Every structure is written in structure tokens, then in C-alpha cells.
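Single chain ahead, by itself, as C-alpha cells, in the form predicted alone.
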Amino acid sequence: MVGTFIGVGVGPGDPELLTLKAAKTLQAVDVICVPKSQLNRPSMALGMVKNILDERKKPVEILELVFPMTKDELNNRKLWVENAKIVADKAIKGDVAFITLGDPMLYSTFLYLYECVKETYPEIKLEIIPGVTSVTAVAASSKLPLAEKEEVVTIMPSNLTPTHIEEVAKHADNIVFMKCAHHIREFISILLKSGFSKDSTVALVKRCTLPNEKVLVGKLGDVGKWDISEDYFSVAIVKKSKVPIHWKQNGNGCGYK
């Protein structure tokens, strides 16, 4: 009997935010796929579920799959095909879970593999277990609502062109920028052209829900003064409106946690 290939969202970082369904699945599957940008790098997602795996009655096979973070589409496609075959060979014999930070269906490495398996191995059953996204986790950590009433929320990668960001921002009330710490100062002038103001509220959260989490909340016009270091695990929410800030203020005009 053919098994199931399951995308499992493990949440933004805090192991306690893993859903009950995700935990139950990880206790039962035969194989767990762990995505890595390089084979010798530790997996954050695997570390988050370590306690769950330690409680298993039967050890699970850990399958490390490399997905380099490059823009070489031809080589990337080749790797997806190779990894899809590895997964398919395992899924034919039993259930295989692919763990991913956040949610499997939002800017996830799982999506590339999912599409490839679905296309090439239609006999394999597919399942998605949603996870807490960094988007909603950042809203909770910064205590900043993502949307109220008729507000429109836009989620976008931070590496889009200024023209693209400017055009999209004209139609949004609130914007979520993914992986954005090293770009956030560049967004100020772009957003000011798109209907946002210097008083628009901004929250930048790095390492959301982790012990070394850092939260900055303030005005768009003050972001240029913020002490910001680059961090891949960073998300920002920018609201067109001015929202009261309930954070202790520092000398740079931002609240902090």
C-alpha cells in the first residue's frame, strides 16, 4: 500500500506552537524529511521537533534533503526532481513527513517538492498540515493587528524591485515584508510615495518566538535611526495608519522588547 507525503508546518520557532496534529503525525510517520541549504548546516526545524521525536516508541528515519538558496533555476529544478524521486521511493513504502518552518503553503521550500511529487508521482497521496505562520506570530509578538474591518493586507518578499513594491503598496493598508531586516530602511522612501506617511506604524521582529527574539515598534519616519542588524529570520509589518504604541521608548523613537 502506497504511503502519504505530508507537508508539516512546525511554526515560527517556539516548539510549543507546534499543533497537536503536527505532533501526532511526527510521532507516527516512517520518515521525516529535513530541508537544508547546505548538508553540514544544522536544521532549525529539526531542532524544534526534537522533543517530539525523542518521545517516539520507534526511532524515525531522518532524511536530509539539500535545497541550495540560489537563483539558478535549471540546477534548482534538477535538484527538485532528484529529491522528489528520493521522497517517492520512501513514500511508496510508508508515510513521509516534510517539516518546514511556519506553514507549508507560504513561501516554503516544501512547495517546490510538493509540485514535483504531485506532477511526477500521482499515485502518492498528499496531505498538508498547516502551521503557525511567521506573519501571525510577528503580529502577536509586536501586539500590532494585521487587519481590522475592511483593511487590505499584502504579503511580499523584500527583494522585489522598488517599482513593484511602490505599485503594490498603493493598494494596501497594511504590508508584511518577509526576510526584510537588511532592506527595511530602503522601504521608507518607497512607501512614502505610495500613500504611507512618516507616522505610519512599523514593527520589525527578528527571531520571532525564539529566546533571542527582538521586537522594534515605531514610526516609519524613525526607521532610519533604528539599530538594525541583518537577520534572515526577520519580518516587518507596516500599517498605513498610526497605531498607539504600548512599548517602552528608547532614544531612537522606537519601542523595544
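All values derive from a computational prediction rather than experimental measurement. When you see a residue number, it is the position in the sequence shown, counting from 1.
Here the subject shifts to the form predicted together with a small molecule, a form of this protein not shown in this document.
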Q: Using the partner position in the model of the complex, report whether L160 sits within 4.5 Å of the small molecule, counting heavy atoms only.
A: no
* To do: Determine whether any heavy atom of Y121 comes within 4.5 Å of a heavy atom of the small molecule in the model of the complex, and answer yes or no.
  => no
Requested in this report: Answer for A169 alone: is it within 4.5 Å of the small molecule in the model of the complex, judged on heavy atom distances?
Outcome: no
| query | Do C33 and the small molecule come within 4.5 Å of each other in the model of the complex, heavy atoms counted? | reply | no
Of 208-216, 49-57, 195-203, 221-229, the segment with heavy atoms within 4.5 Å of the small molecule in the model of the complex is residues 208-216
Picking from L144, A91, C180, A84, the single residue whose non-hydrogen atoms come within 4.5 angstroms of the small molecule in the model of the complex is C180
Answer key, the small molecule contact in the model of the complex at 4.5 Å (heavy atoms) among L101, I175, V117, I165: the residue is L101
